[in-house]
Each structure stands twice: as C-alpha cells, then as structure tokens.
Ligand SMILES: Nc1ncnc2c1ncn2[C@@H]1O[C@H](COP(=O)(O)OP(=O)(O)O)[C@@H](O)[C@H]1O
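As structure tokens, one chain now follows by itself in the form predicted on its own.
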C-alpha cells in the first residue's frame, strides 16, 4: 500500500502547495498523515498559518494531519550528540575532542539531514508520510548520498576505521538504515515520486534531467504535475493569450516526453495558496473534487 509521497522540482514551482494539498486530502480521508519538509528554506508554517518548526506538530483545523520542518542545524547537533554520548563513559576528554573534530565537517551535516530524513521512512505511526523536498539539486544530492556513504564506510572499515563522519563503528548500523530506506524509495508500491513543474522550457529541462538522475540510482518517477497554467477563461486578453499559448506548447512537449506517465494540469488560482481554504481549493483540483477513492 502506498505510504510515502515525495514532491520535488525546481524552486518556486509549487512543490509545497501540492504537498500540503495532498497531505490535507489524505488526512480528510481518514489517514493519519505526516508532512515533512527537507527544504532548509521551509515554509510549511506560512502555508498552514501556524508555527511548526523542528518538531512534529498537529495542524490546526485538520484532524489527523501533522507537520514538521527539519532544521539542518538542530539535526546536526542532535546527530553529533547521539554519536558521542555512548563514548562519554569510555574515553577521555582528549579522545572525545578528536571525535568531535572529526564530526565537524560538511559531510556530517549531510549525514545528519539524511538520517533525520530516513528516520521518517521507518516511522510506523502514520498511514501516509508526505515529503516536501528542497529544490531538485539539493534533493538529488540527498538521495545519492547513501551510494557514496556505503562505499566510503566499507572502504574505511577495511582500512583506518575512520570516516569523515567519525569512527566507522559509530555509523555502521546506519548503513543498514540507508539500505532499507533506499529499498522503500525504489518500491513503487510503497512510494510515489512526484515532480512538480511549470509549463516553461527551463522547468521542463530540469525535470527531465532530474528524472534521469533519479532513474540512474533506481528511483522511478510516478507522476508529473504541471502547475500554474493560465485558465482558459482568462486567455482572451492578448497578454494572457500569448502566455497560455507558450504554456500549451510546453505542455504538449511534456506529454510527448513523459508519455506513459500520469500528468496532472493545475490551473493558476486567483490567490496565494495559504491557509486552510486555499489549500482545500488546491486539493479539490488535484484530487478531482476531493473524492477519497481518487489517487490524483
């Protein structure tokens, strides 16, 4: 049964709006749902119009919906503390300082972010978990990390026993979690990977490139959402007609390139998608009126 839905795409295409609408839909249909953002510039708080932050928080006005914004700085501190805590009673201060220095590099930040990310892949308390990811470049880097880390951990285990993330003994168990998480990401019965794009050449090109990169590590795209299309009723004005024609040309190209994949076309709404009422409007369009038997 589908449990995880990932939203990715170029910055500014409406990933968060689509993710929030999807999370609302599942919660309204009786699924206990969690939406998590891995974007450092997270704005779930703005969309839901309430404070969320680095903790699982019930969303006001939507029973069964919970949200969290992963803070990379807090996640890194938590990871370092988790790594060092078992050593405090065994090693002296000098050794602990050496370990802490090993854990001060940029790969520890990546490790911490991904560990938090995959913790939710093992979460069993929710029927659906929606991931609102950072813009594609950051997301692809996050998803490619386990391949690099697995190789790095294995090489270090055979050699010095040290990694850029600290002693290999501290993180060898994480390799199992990485492998399990990647298996779930690759399982299309468990995971949908959705790309959101605008009907623009640059957005189409980035979506194609990102899909190819994901496919190379075994993750297949499930669905495309083309967002913010000019409504036909508004295309009578020369300016909007020209814009709509340009969008339609890109839509046709996308339909040819993504033949065989479901493509949802979402018209531009007349206001910012912010607050329960606007999220609900978006969900009704995305889910064909909101029927619970509709996947999209």
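Predicted, not measured: the structure shown is a model, and the values here were computed from it. Positions refer to the first chain, counted from 1.
Absent from the display: the form predicted in complex with the ligand. The rest refers to it.
Shown alone, this chain has one stretch from 248-256, 26-34, 263-271, 50-58 that lies within 4.5 Å of the ligand in the predicted complex by heavy atoms: 263-271. Residue contact check for residue 275: none of its heavy atoms lie within 4.5 Å of the ligand in the predicted complex.
Residue contact check for residue 13: one or more of its heavy atoms lie within 4.5 Å of the ligand in the predicted complex. In the predicted complex, no heavy atom of residue 22 sits within 4.5 Å of the ligand.
Although the partner is absent here, residue 227 is a contact residue: one of its heavy atoms lies within 4.5 angstroms of the ligand in the predicted complex.
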